[in-house]
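Shown here is one chain on its own, the form predicted alone, set out as structure tokens.
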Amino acid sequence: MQALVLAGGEGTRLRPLTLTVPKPVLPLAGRPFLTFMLDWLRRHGVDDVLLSCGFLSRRVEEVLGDEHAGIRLRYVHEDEPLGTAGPVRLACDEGLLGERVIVLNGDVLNDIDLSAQLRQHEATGAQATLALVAVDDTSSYGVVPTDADLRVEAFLEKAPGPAPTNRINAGAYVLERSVVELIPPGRAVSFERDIFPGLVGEGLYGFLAEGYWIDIGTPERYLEATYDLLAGVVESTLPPRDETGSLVYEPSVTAGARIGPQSVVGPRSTIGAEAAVERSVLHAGVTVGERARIVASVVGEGARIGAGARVGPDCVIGAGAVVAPGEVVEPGERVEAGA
């Protein structure tokens, strides 16, 4: 079974973390993010994954290689952004696609029942089946109403006011080759704007997905997903957490520091005596000085937080940045990589 993961975006909403690290391999709970998606796909029988990469694409390939847990990994390189549908046509034109493919947005952590989606797709004889998830607030999303037989009726872009459904596009599609061939070659194309609306009434179905689903595209949701992984809300193969619900990766030095609750300390990090890391994520090689305090924030690889400094909440410190001793990084502030 084959899947194609759309992983070519620059991750602009996660900057400065993604200025030096492509979002698909940004550490999430200490692991490259896409490995969680690959594990999920493996649980549902997928054994061949194409990764469509653009920004810092070679770095993605270096980190993930050509195999993960028995899944073959291959790469489609976008020389320029091709939207959500263009990379699928590119993979087809390069002779990499079979008769059916699962297409996935590469910035989602979920445990929806992909096997059930595939079964429904086959039972209805659909050309395309889109996973739809329920959200409490639809104002930031387009909504996708369906009829009683789960046929998609429309794509309604985000707008204020009441929506006809709370079901939104979850970014997980089962597509037949007939849909791929509708995508114009050689240019940027959007499934949501250019392809799916023309399939309404022509074999386009929704699958009412249940389970965990989150788009990790902002620092706030990145932290929320981290907390959920640490708490076991979503299935994973993470190592056991300590009594505070935290993960400290070796080799790290944390003696005399207070780590937790729900924090991640990446490998090769040093946390000074009497420092505190609370509900925060530190990537690899971070140095935190004595008596510093980091709250509900993300600190990029190789950054240095000086003695007695205060960071957070909701701060993002880029890779290699330095926060001087005693400095205060105000809530919500972002410190650029290397600053």
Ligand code: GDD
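Don't overthink the numbering: it's just position in the shown sequence, from 1. Treat the numbers as computed from the prediction; the structure is a model and nothing was measured.
Separately, the form predicted together with the ligand exists; it is not shown, and the next lines address it.
Determine which one of 76-84, 242-250, 261-269, 120-128 lies within 4.5 Å of the ligand in the predicted bound form, judging by heavy atom distances; exactly one does. Heavy atoms within 4.5 Å of the ligand in the predicted bound form occur in 76-84.
With a cut-off of 4.5 Å between heavy atoms, is residue 206 one of the residues that contacts the ligand in the predicted bound form? Outside the cut-off, so no.
Tell me, yes or no, whether residue 9 is in contact with the ligand in the predicted bound form, where a contact means a heavy atom of each within 4.5 Å. It does: once the ligand is placed as it appears in the predicted bound form, residue 9 has a heavy atom within 4.5 Å of it.
Answer with yes or no whether residue 215 is in contact with the ligand in the predicted bound form, where contact means some heavy atom within 4.5 Å. Flag for residue 215 set to yes.
How about residue 173: is it within 4.5 Å of the ligand in the predicted bound form, going by heavy atoms? Yes, contact at 4.5 Å.
Just give me the single entry in 146, 254, 236, 105 that has a non-hydrogen atom within 4.5 angstroms of the ligand in the predicted bound form. Of the candidates 146, 254, 236, 105, 105 is the one lying within 4.5 Å of the ligand in the predicted bound form.
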